[in-house]
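In what follows, one protein chain appears twice in different forms, each by itself as structure tokens: structure 1 and structure 2.
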Structure 1
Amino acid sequence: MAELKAEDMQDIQGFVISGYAHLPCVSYLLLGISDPPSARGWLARLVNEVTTSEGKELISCLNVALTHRGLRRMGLDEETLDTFSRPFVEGMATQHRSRILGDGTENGPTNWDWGGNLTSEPAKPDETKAVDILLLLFGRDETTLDKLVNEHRARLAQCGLTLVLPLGAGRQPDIHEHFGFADGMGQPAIEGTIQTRDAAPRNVIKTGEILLGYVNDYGKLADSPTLRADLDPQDVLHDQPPVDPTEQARPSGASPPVMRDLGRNGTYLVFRQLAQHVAKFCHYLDEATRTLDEELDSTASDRLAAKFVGRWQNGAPLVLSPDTDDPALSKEDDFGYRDSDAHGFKCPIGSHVRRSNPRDSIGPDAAKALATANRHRILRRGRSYGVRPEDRRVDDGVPRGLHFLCLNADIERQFEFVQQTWINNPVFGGLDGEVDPLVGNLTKGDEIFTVQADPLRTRVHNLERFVTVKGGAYFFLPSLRALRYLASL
């Protein structure tokens, strides 16, 4: 059974262990490969600049990921490419995966500003919007970031790369996103890492739930892309361990061919650019909570917003503080729903945080429910983009939103499951005709949201689309060993 060692931390990209909260300024450079040999030379030099998980960088950080199309253009052979997971191979913008994610109407890939790997399907995404590489740059201030971005942009043309789109991002000092809520709450912690230091035991997940090549919650090694040993003559990669950690050596003459593990210490990165329609969100809340005298009620509006989210604006979970935004609970994450709020009287069953992680609430008992929920956890790494509006109730026409990034070892079982089975499920938790009020696919529901209460529930109608998908793709975030191998092709 593989365990994290010191040398593994030197091999794992830093973005896995840290979201770099101490570096508030960010730029995501979406790149295309125009000349593969030159791009491999660029990658060979870049590996020495990639931030690893072994320590904390205080000035700037750099990480890199590639799409399936990008790996092919780098020169990875088709046999190896086929060993990657099916969602990654197909790409986020295919018709099948769009149905799973609920990306239709305004959210459809044909309306995206970027993203979409080329596929064999009849409707191919625009070639000019397809992405091969994601370069993630972080800085302690704007000056540091600008210098870093300019240095890397200056190299592109000479290195066989094109800039598809630069995406700016950041983190406000109060870490609140544009709807006004504290972001980054409720993260799982990877077993065997520093993340577990302050984590509740219920939030610790197996290493193989995030990193490829390690044991996951099923007691199996997380599926990892592999290649024949003869394709790695310099022995850059680790040998592939047995799929079953308890598997014994086979009888003489029946040994399988030696394979190398391309995925170990890497993970899959999901990237979705989500535009937030702040004024529309605020107007909806105002209209839904007007008094009988048609007066605005800001307290009721804030309360309904909290019911949508499942936390108050400063982060306090409703299940622990249903009536007020308690600052002392702003970072609290050690709680469940089954014993204290089974019927959703405190935190509505259909709220965003309860759907995205139902914890111990769905299953025959609390322990089994929590174990099941933890098999679908993702490690979020999002950042906001765009300036905050001077008046949140005025549509100033300025683009703003959230760059949603997450890490997971199994895109289908983790990210896509959350989207399809929890976020967009109209009968989630016993509801009927409801989807997530913030990011759900409204075409699957009745555009309603129920606030459970005793003796009478309340319900708001005619939900609007407060968030729109503007781009997205599935990436592979390789280990440093894997990056060196790709550069050597």
Structure 2
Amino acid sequence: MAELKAEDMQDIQGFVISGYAHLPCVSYLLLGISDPPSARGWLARLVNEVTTSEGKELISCLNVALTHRGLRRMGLDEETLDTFSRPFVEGMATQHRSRILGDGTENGPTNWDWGGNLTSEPAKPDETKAVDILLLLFGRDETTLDKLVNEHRARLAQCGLTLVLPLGAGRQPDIHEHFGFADGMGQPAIEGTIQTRDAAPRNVIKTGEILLGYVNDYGKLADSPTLRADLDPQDVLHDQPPVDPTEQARPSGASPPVMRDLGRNGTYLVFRQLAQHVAKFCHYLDEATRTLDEELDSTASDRLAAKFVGRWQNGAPLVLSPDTDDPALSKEDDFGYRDSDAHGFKCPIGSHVRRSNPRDSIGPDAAKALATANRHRILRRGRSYGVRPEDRRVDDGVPRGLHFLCLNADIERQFEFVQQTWINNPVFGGLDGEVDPLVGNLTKGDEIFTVQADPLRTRVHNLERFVTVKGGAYFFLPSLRALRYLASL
């Protein structure tokens, strides 16, 4: 496919194209709308400050996303609100979603710090945790970020907004998350963008897998929210393409009303706040790898951790480098599992990376398996929050974890699928009764993890919950046009 046009790059929020790795400091402001007219005024001004995808090197960046509830409060009409995708409309915390995401017991929305009561229904009594807007602020250093955050916080009150919760993430010193592993290498690249420049062909996905209004992997236009043209008298939005590009014009009949595409150049943003229990994690690994005479064995402990993740601490994929953390392979993302490791002897079948992207390993043949797995890719944009522990083995009681953010065009087929069918699936890839050792939802008494080996596998028992969900919501990350439209309501 051709490159996306310059005018589209001006329209797409920069967060889609870049995770702003050059800006190590970040803060997420979760906002509520108290006075819609002022909030629209705020948005009208904000649009001019939103970072686009044009690729300028900036010292700070700003992006903005809204929940379904937020869109309604902004004044979007019900008919249009209904054209958004079902998971987004219903929110992250319905009973069914909690089941498929594994948000039971400790992970359950009732225990969340924010977002838990976020439903599409208007006006619930306890709205303290509900979120309308997510403001993402990035800075080159603390000073730059603080200035930006303060400036925006100062604006809120007179703009009809409330601060539900500031999620300060602070500085991310490097690409390692709190368990100690390099993160962010396994990533799809959006066709038609600069992301494809360094990407292996196997990781390139159709534009419509992430951006709404473009052709997706089925060769169809990604489902996109639309509105009647008469609701957009100032022609802020694009017309919806008349028919799917692959489809013949429909047989004659009353021509349907012209619709405007509210979703084009936008995407859905999934946000989950995942607390990490670092000392528990390290302690578990230590205990599980004691030698026959009960000695600690740090090499075995690190190795088991790598088996959990599927990459070594510095990033080398186990499937390519099963015995050492080869620095030359730390960024490598061009590999499969089928040919070199069908049985999981190098990279366990149930490891986090093999579950969250099984690549070419599941299905009758490699090409088909890869094509199928690639329909379930997510563009991850997460960052750690909370300071690094001085000693990972000591529980200092400081809250820390991962602000897991990801982008996708179809929440159900991408994020939720990964979470349900891969991460939390007890029978994933022929396994029998185990879930993702890092982030899976533990529900049985004795949770196990199998490390395949030749001739015989080993299993570790009584896994603990190393990650707990603290909050979450589904957001819509609109195009700049769509933001302007919302501001104009």
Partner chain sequence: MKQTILTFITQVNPDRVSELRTLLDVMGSNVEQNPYIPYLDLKLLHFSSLVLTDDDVYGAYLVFENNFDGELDQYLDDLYAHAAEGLHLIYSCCLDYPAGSATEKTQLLSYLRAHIVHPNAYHIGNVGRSAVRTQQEDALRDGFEDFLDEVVAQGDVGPASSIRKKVQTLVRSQPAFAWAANVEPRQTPLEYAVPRLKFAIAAVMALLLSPILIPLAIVWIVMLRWTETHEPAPPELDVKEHIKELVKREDRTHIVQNHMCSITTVKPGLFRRATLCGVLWLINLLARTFFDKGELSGIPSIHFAHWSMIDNGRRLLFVSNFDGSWENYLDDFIDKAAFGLTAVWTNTSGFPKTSWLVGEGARDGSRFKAYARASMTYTNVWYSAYTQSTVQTIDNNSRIREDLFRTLDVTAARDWVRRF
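One-based numbering along structure 1's sequence throughout. Bear in mind the structure is a predicted one, so any value in this text is a computation, not a measurement. Under this definition, the rigid core comprises the largest set of C-alpha atoms superposing within 1.5 Å between the forms.
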| query | finding |
| --- | --- |
| Form predicted in complex with the partner chain - which displayed structure it is | 2 |
| Residue 457: Cα shift of 2 Å or greater between the two structures (core-aligned) | no |
| Threshold 2 Å Cα movement between the two structures for residue 446, core superposed | yes |
| Residue shift check between the two structures, rigid core fit, residue 57 Cα at least 2 Å | yes |
